[in-house]
Ligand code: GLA
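Below, in structure tokens: the form predicted on its own, a single chain.
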Amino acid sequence: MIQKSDFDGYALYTLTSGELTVSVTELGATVTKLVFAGKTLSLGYETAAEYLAGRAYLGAIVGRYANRIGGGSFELGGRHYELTKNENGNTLHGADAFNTRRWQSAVEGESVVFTLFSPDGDEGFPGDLTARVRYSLADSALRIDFEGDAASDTLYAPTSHMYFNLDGSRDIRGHVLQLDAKGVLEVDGALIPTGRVLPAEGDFGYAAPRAIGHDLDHCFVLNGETACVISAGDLRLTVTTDYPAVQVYTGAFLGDAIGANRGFAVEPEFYPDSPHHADFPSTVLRAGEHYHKYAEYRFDTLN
């Protein structure tokens, strides 16, 4: 079932399947609320103005390029491109990017589809791009399909930036995490990858379930499509995706308005700073190619 309403002048769609209800708006194609088994499990704001003013990308689609590009620039096809820099001289998710835009929306069957035209030069990226995001529910799972088509070669690597808290605690580092990861990207002091992939062990070892225990803002390289399982109280979230990695962020910098470590984000993604590392999976979208990746968030009760 899909219901349409208003969210401060933006269309808001509420999808319901069984015990799962998800609300998503045209503003940033943003998930404003996710409820499962009667509990609100996502972090969100109450007004559109808060989403536009916020810097945490709560529930939004981020792009064109999720995560960081070192130096806020890259080379493509023999040309140099300078991007909008919004974090220590680097580019992170974009400043006035997908999360702040009004997406066109339509109900297609049991899904809601959002479409955004991003023109050549948008935040410095080359090529006209048409981005599409499809939200669908099935039983207790939310599926997001990311699509895109470009008029000329460009970079494209979007993701969803939802934050979750499964038990309402003030600090989610007590949540239990299990990751099917073969490595974690080494980063420098500005969280830009060095190019090395380290073993997923020690502080980054979550092959067996254990409490998160400390701050994370790291990219884990996946073994397969079952990325991770996170549980707290009587609820469990399983994330599957065909992206090659996930960024796990425990919200250390969510700020006073929300509270540090009040929610965690699992962001299916390509590796950060891929344009500067030839051995990383490519984020180049060629003209005429169709981009399609997915992420699924499945909820269930443990009792």
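Numbering starts at 1 and follows the sequence shown. Note that the coordinates shown come from a computational prediction; the quantities given were computed from them, not determined experimentally.
What comes next is about the form predicted in complex with alpha-D-galactopyranose (GLA), which does not appear here.
Within 4.5 Å of alpha-D-galactopyranose (GLA) in the predicted complex, heavy atoms considered, which of 82, 145, 225, 217?
For this set of options, the contacting one is 217.
Among 200, 172, 113, 191, which has any heavy atom within 4.5 Å of alpha-D-galactopyranose (GLA) in the predicted complex?
So the residue touching alpha-D-galactopyranose (GLA) in the predicted complex, by this definition, is 191.
Heavy atom to heavy atom, is residue 68 within 4.5 Å of alpha-D-galactopyranose (GLA) in the predicted complex?
Within the cut-off, so yes.
Is there any non-hydrogen atom of residue 163 lying within 4.5 Å of alpha-D-galactopyranose (GLA) in the predicted complex?
The answer is yes: residue 163 has a heavy atom within 4.5 Å of alpha-D-galactopyranose (GLA).
I'd like to know if residue 267 sits close to alpha-D-galactopyranose (GLA) in the predicted complex, meaning any non-hydrogen atom pair within 4.5 angstroms.
Although alpha-D-galactopyranose (GLA) is absent here, residue 267 would touch it in the predicted complex, with heavy atoms inside 4.5 Å.
Would you please decide whether residue 247 lies within 4.5 angstroms of alpha-D-galactopyranose (GLA) in the predicted complex, comparing each non-hydrogen atom pair?
Answer yes; at least one heavy atom of residue 247 falls within 4.5 Å of alpha-D-galactopyranose (GLA) in the predicted complex.
Looking at heavy atoms inside 4.5 Å, which stretch does alpha-D-galactopyranose (GLA) contact in the predicted complex, given the options 127 to 135, 105 to 113, 202 to 210, 90 to 98?
Contact-bearing stretch, as computed: 90 to 98.
Though the partner is not shown here, which residues of 96 to 119 have a heavy atom within 4.5 Å of alpha-D-galactopyranose (GLA) in the predicted complex?
None of them.
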